[in-house]
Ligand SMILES: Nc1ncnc2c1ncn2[C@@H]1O[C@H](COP(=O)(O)OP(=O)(O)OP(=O)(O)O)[C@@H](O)[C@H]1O
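Form predicted alone, single chain, as structure tokens, below.
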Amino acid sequence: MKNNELNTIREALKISPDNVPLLKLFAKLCVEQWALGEGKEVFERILTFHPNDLEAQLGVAQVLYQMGKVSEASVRIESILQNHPESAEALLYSAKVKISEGDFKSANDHYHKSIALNNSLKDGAVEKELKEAGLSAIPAETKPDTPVLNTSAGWIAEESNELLTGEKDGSLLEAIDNIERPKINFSDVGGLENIKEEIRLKIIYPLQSPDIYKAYGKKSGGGVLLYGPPGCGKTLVSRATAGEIKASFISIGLHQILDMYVGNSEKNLHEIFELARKNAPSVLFIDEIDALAANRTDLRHSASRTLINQFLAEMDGDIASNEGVLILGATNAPWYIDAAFRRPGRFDRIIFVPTPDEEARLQIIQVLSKGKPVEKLEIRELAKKTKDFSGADLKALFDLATEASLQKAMQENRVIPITTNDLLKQAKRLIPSSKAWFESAKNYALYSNQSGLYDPILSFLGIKK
């Protein structure tokens, strides 16, 4: 399948040879196909157009590392970190390179910084290496004493969760301390109505009217795959689902599943599903699911194939019944997921989660402005001028405006209010984080969309096939 995609994109590049997003897509597919030399050439070609393109710089460093050219990769990554010291991806690759060089202390420091910046980059293999070197694991995340303000796209809520406690048996389950009873529900979610209705059909209605569903031979539970740009509410709507039915919410990261030793990853995955079944009705949320459900035709290692087969068996209920268990997967890259996961009974509902519309942005802005010295804030105008902004982008917008006002306040020794003009000024400087995702997704939707799966992306962008 990926060979077909490569050929399709090759043909597209003949028509548009300077299309940088398309070149990036092609380079990534080359690396996945282990055509490292070709991938490196394409990343370097991108750098001839845009010498400071961070993604292409990281791509070259990654290829060099995978080719075993550790010293050259190290030089590249050090150069990247000089210009981008807060790049979580560069810090992660630096940690891997430092491990290869035997510098475990520096590797530990860089890995911790990487995870602090982007928790989704947790790497089980790196953590194993660091632990075996006698270095500390990633510190437990501290939980806030005050309500957390959620500003992901589509909704706002002040969240308060009850943590469940239970027996621990010294296995993987001892490490899973985030079984929650969320107190937020769909009423706290602005927009995303199509997603809510799909989830209602899967688990909420069957639990409310079990006799009716039983008459049609339907059970509660199943799988829903949410995809879209980062920061658009996939995790938070999943948590609200659990709150809607007063169910257990189990959020799992890759680091809690993947293990460097053969057979342990499958065991971890089984224990997680057993935990969800034991606590049914429950919502099992797995983020970055494309890393667990990758296309098997692209995998060279039998261990990865075995894990995917285990995952499929767990979802099918071949090992134990999944009635009352809703499996929600989230990904920014649905095109990497094995088609077998889209079979009926697995992730048979695949839903696009876009950036927030104007009404949702208005709600987010209202909450972000609370507790800040704002003056004459024209919320509607600000919502109109922040098209394509995610919740995280809007939070960054307020942070920038706050810092600018704070700097003036310190100079004049008085509180300087934040105005609409201050925010609009910062909005012109801030590039929506979703733009890069849509540039890449558009190419998949145009050139690797035989089934029409990604038509919602084209519809959202106003593109007709």
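Between two forms, the rigid core is the largest collection of C-alphas that superpose within 1.5 Å. In this text, all values refer to a predicted model and were calculated from it rather than measured experimentally. Residues carry their position along the shown sequence, with the first being 1.
A second form of this protein, the form predicted in complex with this ligand, is not displayed here; the remarks below concern that form.
Of the candidates 308, 195, 236, 204, 236 is the one whose heavy atoms come within 4.5 Å of this ligand in the model of the complex; the others do not. 188 is the sole member of 180, 188, 244, 266 with a non-hydrogen atom lying within 4.5 angstroms of this ligand in the model of the complex.
Taken together, 334, 441 and 461 are entirely out of contact with this ligand in the model of the complex: none brings a heavy atom within 4.5 Å. Segments offered: 108-116, 384-392, 82-90, 270-278. Contacting this ligand in the model of the complex at heavy atom distances within 4.5 Å is 384-392. Taking non-hydrogen atoms only, residue 127 never approaches this ligand to within 4.5 angstroms in the model of the complex. Taking non-hydrogen atoms only, residue 324 never approaches this ligand to within 4.5 angstroms in the model of the complex. Contact annotation for residue 287: at least one heavy atom lies within 4.5 Å of this ligand in the model of the complex. Residue contact with this ligand in the model of the complex: residue 373 places no heavy atom within 4.5 Å of it. Once the rigid core is overlaid between the shown form and the other one, residue 394 counts among the residues whose Cα shifts by 2 Å or more.
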